[in-house]
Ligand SMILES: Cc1cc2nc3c(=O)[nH]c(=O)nc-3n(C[C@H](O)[C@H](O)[C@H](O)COP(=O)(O)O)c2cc1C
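Take a look at this single chain, the form predicted on its own, given in structure tokens.
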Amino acid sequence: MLSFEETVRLRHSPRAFLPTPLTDAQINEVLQDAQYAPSNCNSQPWHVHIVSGETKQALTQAMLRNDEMGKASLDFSFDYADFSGDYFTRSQDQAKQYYEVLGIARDDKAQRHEAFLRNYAFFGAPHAAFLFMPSVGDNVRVAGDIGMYAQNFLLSLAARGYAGIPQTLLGFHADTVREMLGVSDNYRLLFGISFGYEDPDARANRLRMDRIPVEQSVVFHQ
């Protein structure tokens, strides 16, 4: 197990995984760690569905069909255009560096779309977690709780020598995922996390994004 300092600094978002699955016991250890996340009023509102094997493959095919038809069903809106200023700049810089690492030119639309579609194949990961939540008020507090659960999940993976990547795009087909996994319409899909063993030789995993200085995001008052 890594120390906390090592874990938070080594954790990153790989976009290529080995096919080797984790055991049920290994996944359960991660889930137990995630379960200790804080939540508003101790509501513990996370509802998590883990997919592997044939179910995961079926979801891949369904999401690819949706994409080909231009079909989407988001429980929560998302648009890059909603970012502004430094937030937009950082998001664009991440995309630019990612395609550069892959060796894909900016004007190569076919290759860029192919790279985009790897999201729906979970970047080759053997497992994925879909994070659902109940709708409560304006949903902001509950979504924050889900974020803290996801961070515990991701840090537990990293500390144990595994890896995971949170994917907003997996929430773009909420109706399809709910139907295929038998999830009640009472639960909204926030995002998914693909996880397993990182492929150390993949070009996509060479990418490491810097973090802004603490001084740019924190204000001290005395």
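In this text, residue numbers run from 1 along the sequence as written. Bear in mind the structure is a predicted one, so any value in this text is a computation, not a measurement.
The same protein has a further form, the form predicted together with this ligand, not shown here; the description that follows concerns it.
J.: Can residue 92 be called a contact residue for this ligand in the model of the complex at 4.5 Å between heavy atoms?
T.: Close contact is absent here: in the model of the complex, residue 92 is far from this ligand, nothing within 4.5 Å, heavy atoms only.
J.: How about residue 167: is it within 4.5 Å of this ligand in the model of the complex, going by heavy atoms?
T.: Contact check for residue 167: yes, within 4.5 Å of this ligand in the model of the complex.
J.: Even though this ligand is not shown here, does residue 205 get within 4.5 Å of it in the model of the complex, heavy atoms only?
T.: So residue 205 does not count as contacting this ligand.
J.: Taking the shortest heavy atom distance, is residue 191 within 4.5 Å of this ligand in the model of the complex?
T.: Close contact exists here: in the model of the complex, residue 191 approaches this ligand to within 4.5 Å, heavy atoms only.
J.: Please determine, with the chain shown alone, which of 100 to 108, 118 to 126, 134 to 142, 69 to 77 has non-hydrogen atoms within 4.5 Å of this ligand in the model of the complex.
T.: Correct option: 118 to 126.
J.: Heavy atom within 4.5 Å of this ligand in the model of the complex: which residues of 64 to 82 meet that condition, in order?
T.: Result: empty, none.
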